[in-house]
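Only one chain is shown below, in structure tokens, and it's the form predicted alone.
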């Protein structure tokens, strides 16, 4: 039974649920209470080395890190006297639009991470670089849906651009607050391929770490720029690529990352140019949530 379960529990990206972790944990009712193990590529030995052997000690980096974190702590303390996020309260209350990420220099690329199915043995390639005018970023590469020959992975072919997690002083978690806005605003120029926008928020339980809010980004192609506005009410909840039955609106008070994923099974080159990623408050949009909400244990 365990061998059958290990072969069948796979998701679209080729990342499999570990069967031994599912079988060893107690059976708990409910679709959102399953515990998943960390992904390990098929055929690779398990890393059983103790955690202290993975730490690299360096006195110079330690001093540099202390100076960096105390500088961030000083900015946080002084910023609270000015207002939320270091801005005056009046400016924060009247804010209607905000550019969260732009690409105006080489330092802006350090806020992003690119990945592909090469992590699981695939052949897709993805690169991130600044455009010739040094004011936009260009995500380009080649998509290949041929799965690796490891005997277990059945599906492959994806490329992802993901923002780095924001950290405050001493590597404390820092969240993005979008409660004053209701629409995601992007200025892009693509090649006609459909992308998936993934927004990750802070969760309350460890088994929800793979939860994401998704929606589609359709590019027109051609030489002209495209302004895209997507209301947050259109985003739906998924976990490990599976759309959940129990849907709820996105939690905008603790946003962690935003990502763009290409997995349309069309092998060949691709490119996506991004000018900025921001949010706005569209007063004409009054929808709270676009999908049906099911009530558990309804009253009789």
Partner chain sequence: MNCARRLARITIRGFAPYATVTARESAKCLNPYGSGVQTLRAFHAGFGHLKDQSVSRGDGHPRHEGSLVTHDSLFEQAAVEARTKAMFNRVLEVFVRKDIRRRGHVEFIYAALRKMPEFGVERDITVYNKLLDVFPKEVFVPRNFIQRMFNHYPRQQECAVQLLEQMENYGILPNVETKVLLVQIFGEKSHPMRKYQRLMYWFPKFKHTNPYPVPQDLPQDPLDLARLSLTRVAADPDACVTVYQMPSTDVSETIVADVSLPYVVGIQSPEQRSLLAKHNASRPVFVEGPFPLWLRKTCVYYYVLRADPVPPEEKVQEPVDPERSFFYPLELDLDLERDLGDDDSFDVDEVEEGPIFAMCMASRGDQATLAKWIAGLQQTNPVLGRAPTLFRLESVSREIQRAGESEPGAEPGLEEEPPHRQAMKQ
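Positions refer to the first chain, counted from 1. In this text the structure is predicted, and so the values were computed from the model without any measurement.
One more form of this protein, predicted in complex with the partner chain, exists but is not displayed; see below.
Undergrad: The chain here is shown without the partner chain. Which stretch in 202 to 210, 79 to 87, 92 to 100, 160 to 168 comes within 4.5 angstroms of it in the predicted complex, by heavy atom distance?
TA: Answer to the contact question: 92 to 100.
Undergrad: Looking at the partner-bound form in the predicted complex, is residue 239 within 4.5 Å of the partner chain by any heavy atom?
TA: Residue-level check for residue 239: no, no contact with the partner chain.
Undergrad: When the contact criterion is heavy atoms within 4.5 Å, does residue 155 count as touching the partner chain in the predicted complex?
TA: Yes, residue 155 sits close enough to the partner chain in the predicted complex that at least one of its heavy atoms falls within 4.5 Å.
Undergrad: Contact between residue 116 and the partner chain in the predicted complex at 4.5 Å, heavy atoms?
TA: Looking in the predicted complex, residue contacts with the partner chain do not include residue 116, since no heavy atom lies within 4.5 Å.
Undergrad: I'd like to know whether residue 243 contacts the partner chain in the predicted complex, with contact meaning heavy atoms within 4.5 angstroms.
TA: Close contact exists here: in the predicted complex, residue 243 approaches the partner chain to within 4.5 Å, heavy atoms only.
Undergrad: With the distance limit set at 4.5 angstroms and only heavy atoms considered, check whether 187, 191 and 280 all reach the partner chain in the predicted complex.
TA: All three within 4.5 Å in the predicted complex.
Undergrad: Quick one: of 105, 221, 71, 151, which gets a non-hydrogen atom within 4.5 angstroms of the partner chain in the predicted complex?
TA: If I apply the 4.5 Å criterion carefully, the residue I get is 221.
Undergrad: Just give me the residues of 125 to 161, first to last, that have a heavy atom within 4.5 Å of the partner chain in the predicted complex.
TA: Stretch hits, in order: 132, 133, 135, 136, 154, 155.
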